[in-house]
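Single chain ahead, by itself, as structure tokens, in the form predicted alone.
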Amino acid sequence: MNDLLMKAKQITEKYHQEHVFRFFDSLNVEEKEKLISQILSIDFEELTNLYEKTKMKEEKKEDRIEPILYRDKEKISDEERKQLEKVGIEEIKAGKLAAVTMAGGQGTRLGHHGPKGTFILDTIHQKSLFEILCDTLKKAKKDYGVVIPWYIMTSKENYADTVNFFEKENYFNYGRENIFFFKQGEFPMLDTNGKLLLNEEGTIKEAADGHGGVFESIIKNGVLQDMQQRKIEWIFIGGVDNCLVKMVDPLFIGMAIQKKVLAAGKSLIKASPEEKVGVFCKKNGKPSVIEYTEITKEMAEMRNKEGELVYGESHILCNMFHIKAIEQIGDNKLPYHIAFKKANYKDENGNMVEPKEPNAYKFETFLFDAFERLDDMLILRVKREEEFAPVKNASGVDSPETARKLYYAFHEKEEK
């Protein structure tokens, strides 16, 4: 440990971050090892460059933004749908599909203590979000006679709680050997002077690196290797908080194969031109998502001859990637986006400070930046009441109340 400690101290001196050792002597052995490991794993050159960017005025690039082609699920004929579903079912039955669920969030905003996936949404049957998602995989097992491997990405903080929950629930009788857990990457936070923040225990404060980090985490944690060994070709990636997510969708797979693309995304038509959502588009000839903050009022309100919004396909974090795309994207880091946030930290006197105003820079990657690495992708417009009922807020829009209503209505319709 002495050699590693010396190396870590040399690095922090080089980058003027010596303060991270301020409480080193009061740390226990495990905490000391953690701090040293953190320092040795940080790319300080990249961190320095990112901090420099916080001081620069962001240059507005003149990107060429154009509408992207999409298919409306409702307008696909029965005959074409059957043909496409047949192609998708063959892939599923051949064991070529895997599901990845991003479940790093805590249920804090919902007033829930624990990983968001453990939140009981179906109060009639006492089913958590995790169990609701697992039900779709169990149905696929029954329909297609194949077990789809389920990979769950947790945060470092909720990893143990998530695994314990699944053990307690006996893996919802899906089989422990078919469910895998891996951790999302983290990135250090900096104060306004470019100094690393310390957390309560006296080690470096880190934050999850955004949903774009899923690709790097899949590679770093051996998930990709496991998929390759299983001869998986298609990977569905979605969030844990959408209780109507269709992780197994033969039509979606069949359409991607027919279009000969390495990625596909589901969209919802925007509720109004003003709705604050990112929308699918073509950016400089490549598939992309443009944030609502970047789109002009004129573009947001633009309509085609049918009267539909030209930029109206909102990205709902329901995406599918061919394994070749995962390999390609994971090898090249996605760009970091900078957010100015409130972050608790340990000050030089060892006191925990809870700021009332933003005080720290958080760096995160976005999954949709990966689309720009591809030449083309499939966009499939779906209906909210069939595929999108997120649980984000304690009340109002996208709350347990609205999600439950959609969930119960959907299953009532399915049972008829």
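Each residue number is its position in the shown sequence, starting from 1. Since we're looking at a predicted model, the values are computed, not measured.
Just so it is clear, the following notes concern the form predicted together with a small molecule, a form of the same protein that is not shown.
Taken together, the three residues Ala103, His211 and Val240 all come within 4.5 Å of the small molecule in the predicted bound form, as judged by their closest heavy atom.
The single contact residue among Met153, Ala325, Ile253, Leu244, judged by any heavy atom lying within 4.5 Å of the small molecule in the predicted bound form, is Met153.
Out of the listed residues Leu84, Met302, Leu317, Val248, Leu317 is the one that sits within 4.5 Å of the small molecule in the predicted bound form by at least one heavy atom. Contact annotation: the small molecule lies within 4.5 Å of heavy atoms from the stretch 105 to 113 in the predicted bound form, the single such stretch among 74 to 82, 105 to 113, 294 to 302, 190 to 198. Though the partner is left out of this view, Lys392 does reach within 4.5 Å of the small molecule in the predicted bound form, counting heavy atoms only. Residue contact check for Gln184: one or more of its heavy atoms lie within 4.5 Å of the small molecule in the predicted bound form.
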